[in-house]
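Before any questions on binding or motion, here is one chain by itself as structure tokens, the form predicted on its own.
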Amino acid sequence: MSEVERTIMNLPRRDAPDKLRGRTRYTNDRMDATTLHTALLRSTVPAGRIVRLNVSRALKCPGVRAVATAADAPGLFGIGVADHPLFASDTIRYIGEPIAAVAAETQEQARAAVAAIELEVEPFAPVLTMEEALAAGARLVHENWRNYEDLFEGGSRRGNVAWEAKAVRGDVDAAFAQPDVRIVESTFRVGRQNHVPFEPRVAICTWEDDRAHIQTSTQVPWTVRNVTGKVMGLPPGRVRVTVPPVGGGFGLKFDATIEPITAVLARKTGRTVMIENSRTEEMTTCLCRENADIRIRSAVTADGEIVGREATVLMDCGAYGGEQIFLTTMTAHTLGGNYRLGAVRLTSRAIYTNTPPNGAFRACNGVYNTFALERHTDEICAELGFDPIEFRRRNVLGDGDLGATGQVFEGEVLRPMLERMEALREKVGSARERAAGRLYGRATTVGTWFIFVGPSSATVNLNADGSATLVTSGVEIGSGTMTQSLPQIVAGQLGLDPRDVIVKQADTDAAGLDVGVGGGRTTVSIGAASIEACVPIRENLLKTASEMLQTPPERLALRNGRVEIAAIPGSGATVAAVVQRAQSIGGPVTGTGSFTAKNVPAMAGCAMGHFIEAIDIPVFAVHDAEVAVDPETGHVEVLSYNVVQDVGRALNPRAIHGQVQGGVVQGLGYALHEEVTLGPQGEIRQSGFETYRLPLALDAVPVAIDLYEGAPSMGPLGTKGAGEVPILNTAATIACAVANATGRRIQQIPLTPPRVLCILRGREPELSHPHISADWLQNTLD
């Protein structure tokens, strides 16, 4: 049996019984009777200058132990550029921005003290939209943007443009000037989407041995460590971060804005301090998927060759750059993905506004860019008379094709996946008859995403009872990676039962550097590091057993918890006996491993301001859906949904099916239900579940799934991450299907019944995007 065969299994979730019975101890379960509670003074205006802040009355309130302000944490942090303070000091930039924090014996006492803080603000006229932010003479959201520290070289930024990334390959002007091309132009707009994890953001900090020990619900323990150190002016080594089970993240918990507050208050009080967002705080101040405006146009020949493409994507980062600065990188690989292009130029800009900051969200940037790209593709097909599936089959990226930044793609993947989708459609059959007189539409779309790699480390300790302990900075966020794929990988390497692999909770004092859980990277990056960690352990076990069994190592095999003579099942000795012997001879049996990006090259000069110029592990998806649209109400019913997903190697098909089903339903929420709207002062109107419409059980549809294996991957055992990509195509597929059903252009999502009704009745205004110039060069800084 090969190591791949030993690793593949439909291992059930080991944490499921505890979660179902309420025994799982999340972060807020770690507080005790001595823990102090925190309440925040938040801004009630979207923009202004703090004229006076007096906390003396609050300090005298009953039960109050400390009040923290910007003076306690003066450092700025961020991604790419350090523009974000922990507390507003002199300038307020959004409604809900923290200004001060109170630690008290009870939550009620903390809130009462917040009400006693004296605050005087000179309000400014807010900049609430990207169109306002880019207008000539617009007020700057960050007046001192020139003075910010650059944390990453190569990007352009100016005024209300927090970051700009560009990809330019080939002569686009010449392509558009060809006499034999038709030029098709499209514009799109998407709104924000809230993550809505069951567990809000929460952190607990104790000040121990003159260090901060933070327990927190995060996806990025090392980021929390580093940001806390930076804003407090401490060496990061004086911050320890441990992570209990996390009740959902979806990218929200890449944020590190509440943990430093607990550290400041714990240092001031010498007590354990907890901060826990209320659901309202979570809904109105959390980092949504950003709203975006997109203009795209293509030059296409009569026989369907895309000889030129250009696009501009504006991403609203809100008051601070945050993840959106990094995510400008993604446009080249998502909007610039899927198809073979003759020449291409793309610009992606993160724009400051006086609205709550946005952040990463599952398949971030890719979800709406795939919506825009696939709708644009269907508009090309409609205008030039191509069959949409045949057009895609002809133009999708294949072996040896160039991506937007000039990287060379390996392997034929998307084209055979389209063929697999055709077979899946035939196998499942059509649900058209269920449309029952309503408008019927169907669409098939493709999508390109990638696995975010980067550094990870792992240590494996083999114990005297034959079990193994895996030490990493990985976090179990609900996907099951830490309880399924990683135990399977270690077990497969050492011939153990996965139940005998103990996975230690993330602890930055015990485990090495890791860039966090997200981007579909955990199985790939920590899995690869874990395999490397197992190498010296295998060698030690085989050498020791060779002496014990008087058999050459090459004739031995690790399987079923034993070191056996390969040709004689059941022979040899248990792993426990061999470990005990090895420990007596040479000490502990342990191994360490590390992993980082392969750094696939881009074409020189193609990518500017990109954090990732080329993608190490591309991953592809093909989705297909049937919808029925009620012409009287505008309600869209999804009749069927099919997915062919590129997974590289499916180590646990059962777990991946769960991720695909969940990702599609989350994508249906984005496509049809979930709508974040801003009030006249830039405040988020949806403050709870009563006003934010998540898909419920009756909105879920069964998904027919075909896992596509064998595509090239540098991941361990040929794996690719499977948790991120299932949401990628959903909005695109539904929008294309609704367009086919109604015969109308779809330029915006979500497709709520009121919007669909407007579309059907011709009342949906055409998007013109006057703030995105038709001259692409006018949309760039340099």
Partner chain sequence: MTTTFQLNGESCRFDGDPMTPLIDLLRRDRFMTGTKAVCREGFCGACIVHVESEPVPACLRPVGLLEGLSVTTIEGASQFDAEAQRLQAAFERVDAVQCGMCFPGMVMSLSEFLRENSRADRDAVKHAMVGNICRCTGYERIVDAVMECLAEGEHAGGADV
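No experiment lies behind these values; they were computed from the predicted model shown. Positions refer to the first chain, counted from 1.
What comes next is about the form predicted in complex with its partner chain, which does not appear here.
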Residue contact check: V241 to its partner chain in the model of the complex, 4.5 Å heavy atom: no
Taking its partner chain as it sits in the model of the complex, is L767 in contact with it (heavy atom to heavy atom, 4.5 Å or less)? no
Counting only non-hydrogen atoms and a 4.5 angstroms cut-off, does T24 reach its partner chain in the model of the complex? yes
I'd like to know whether E564 contacts its partner chain in the model of the complex, with contact meaning heavy atoms within 4.5 angstroms. no
If the cut-off is 4.5 angstroms on heavy atoms, which of these, L252, A110, C364, I477, is the one near its partner chain in the model of the complex? I477
Partner-contacting position among A700, A135, A174, I502 - heavy atom within 4.5 Å of its partner chain in the model of the complex: A700
What stretch, of 540 to 548, 410 to 418, 306 to 314, 662 to 670, brings heavy atoms to within 4.5 Å of its partner chain in the model of the complex? 662 to 670
Members of 243 to 258 lying within 4.5 angstroms of its partner chain, judged by heavy atom, in the model of the complex: V246, G247, G248, F250
